[in-house]
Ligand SMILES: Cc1ncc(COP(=O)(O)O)c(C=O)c1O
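Take a look at this one chain, the form predicted alone, written out in C-alpha cells.
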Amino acid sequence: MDLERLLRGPIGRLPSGLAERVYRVIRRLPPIRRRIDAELEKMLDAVRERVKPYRDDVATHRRLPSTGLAREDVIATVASLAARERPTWEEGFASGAVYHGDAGHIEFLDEVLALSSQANPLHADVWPSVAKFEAEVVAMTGAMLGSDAAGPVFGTVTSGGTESILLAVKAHRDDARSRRGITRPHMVVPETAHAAFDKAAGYFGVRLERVPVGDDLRADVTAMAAAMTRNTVLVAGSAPSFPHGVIDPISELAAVAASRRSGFHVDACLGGFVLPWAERLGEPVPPFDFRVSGVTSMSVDTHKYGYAPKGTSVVLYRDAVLRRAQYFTATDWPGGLYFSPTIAGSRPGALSAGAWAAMVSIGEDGYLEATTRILEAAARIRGGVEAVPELQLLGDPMWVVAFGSDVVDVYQVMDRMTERGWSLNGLHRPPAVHIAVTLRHTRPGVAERFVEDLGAAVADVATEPRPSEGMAPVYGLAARLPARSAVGDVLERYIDLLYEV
C-alpha cells in the first residue's frame, strides 16, 4: 500500500509515542501533507463504491425539491432501497447488526412504533405511557441482572450502549467529586473494553488508562489494580468483550475496585440478554451482575439480544444517588424548569414502547429458547473455525467467535468473505475477524454456509493472495502502523465520505 510505504519508511520502526510525534510534525509539511491526502483519497476510492452504491440509479437531492414529491413515490424509493439491502441481514450474512429479524417480530414492533410515533418522554404529562414503559424496562432488566438477590437497582433507558457507558462514566465522575472530592478523575479499563470509554473520557475530561489483557484475552486483575490511583473513580470490565467474546474476571475486578473506594462498571451491552439465560441453561457463566458485591453500574443493550428496535439500551446503578449523578437540571432558565435524565432532551418514545413490547412479548421462555438456538449455532461455527488449520480461535468464546491466523492474512480472508456476501467485523491487536452469532444465523443451513465459505476463503488467500479492497486494507494499516493519528486521519476521511451527496 502506498500510504503504508510512505509512512512506515520514516517512522515505522519508531516506538509508538515517538512515531506519533514525528507523524504530527511531518503531516504539517506541505509536500508530505499533499502526498498523504492523495493516498488517503486513493484508499477511500475503493470504499466509496460500497458505501455509495445508489448514486447512478436513485435520484439525489442536494436541496429541497421545489415541489414536494408525492408520498407514494417517496415510499416507493424507501421500499426499493430496503429491498436491496434486506438479503444481507435477512439471510444471515451479517455479524450482529440485526439480532432477531423474524418477519412476524418485525411486523409486531412496526405496529407498536407506528402507534407511538408522536410520543416524547420529555413530555411525561402528555405521554405518561412512555414513563410506564421505560420504568418497566428498567425494572425488568434489573431483575434479570440480579436485583432479586442484590436488592433494588436503579436506571434509565438510553439511546444505545455508547450512551449508557457515557452516562455511567459521567455519573461516577460527578459522584466521586461530590463524595470524595476528586477533581482529576481517572478510570482504568482493559484494552479490550469498548471504545465508548475513550469517547466518555474525551467528552467528560476523565483520564483513561487502558491496561493490556492476559494471554487468555481477559482483563489482568493484578495489572488493573496496579494502574489504579487515589483519583480512580471507575474501573470497568466486559461481559463479554466486543472483540473476542470473552468474559472478564468481574468478581475479582469488582473486589479490587471496592477496596479502593472506586466504582465498578460491567459493560454487558453485548451479553446482558444472553448470559442470564445461558446460566439457566447450565453453561459455565461466571458471576458478572449485581449479585457481585462491588458492581456499582451496568450497561445492557435492549436493541441487541433483547430484540428491541434499534436505538435503546439500559444503564443500571446499585443506588439511586449514583443514578441522580447522571441527570441534568437547569433551574434558572427563562424557558422554565428544564431537566433530562439522559444526554438527549426530546427522545423517540416509540423506541421505548418498542423495547417494552419486545421484552413482555418474548418473556423468559422466549429468551431461553433464543439463547439455546444461538449457543448451538455458535458451537457449530466455532467447530468449523477450529477445523481450518490456517486459523486460530481467539479466547474461549460462547457466541462471539473471533479468529486470527499466523499463516494467511486474515484481512484478506475477511475481504474474500465480503465477496461472498458476508459482513464481518475486523479487529486488530491481534489482527483478527469475528462473527457475533444472532438468531439470523440459527436458521437452517446458515452456520454451515459460513463454515463452508470461510474454508473456501482461506484456501483462496493461501493459494492466490492479492491486495485487499474495501475496509480490509484500513484494518491492515491500523494493525501495522505505529502512528495512531495516521489511522485517525483515515477514519475521519471515511466519516466525511459517508456524508458525501
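Start at 1 with the first residue shown and count on from there. Worth saying up front: this structure is predicted, and the values here are computed from it rather than measured.
In what follows, reference is made to the form predicted in complex with the named molecule, a form of this protein that is not presented.
Though the named molecule is absent from this view, in the predicted bound form it lies within 4.5 Å of a heavy atom of just one residue from P240, G263, P190, G92, which is P240.
In terms of contact with the named molecule in the predicted bound form, the residue from R318, H194, R347, R416 that brings a heavy atom within 4.5 Å is H194. Only one of 139-147, 210-218, 156-164, 406-414 lies within 4.5 Å of the named molecule in the predicted bound form by heavy atoms, and it is 156-164.
K304 belongs to the set of residues with a heavy atom inside 4.5 Å of the named molecule in the predicted bound form.
Though the partner is left out of this view, D248 does not reach within 4.5 Å of the named molecule in the predicted bound form, counting heavy atoms only. Proximity of D289 to the named molecule in the predicted bound form: non-hydrogen atoms within 4.5 Å are absent; the residue sits far from the partner. The closest non-hydrogen atom of A171 lies beyond 4.5 Å of the named molecule in the predicted bound form. Shown here without the named molecule, the chain has D267, C269, L270 in 260-296 lying with a heavy atom within 4.5 Å of that partner in the predicted bound form.
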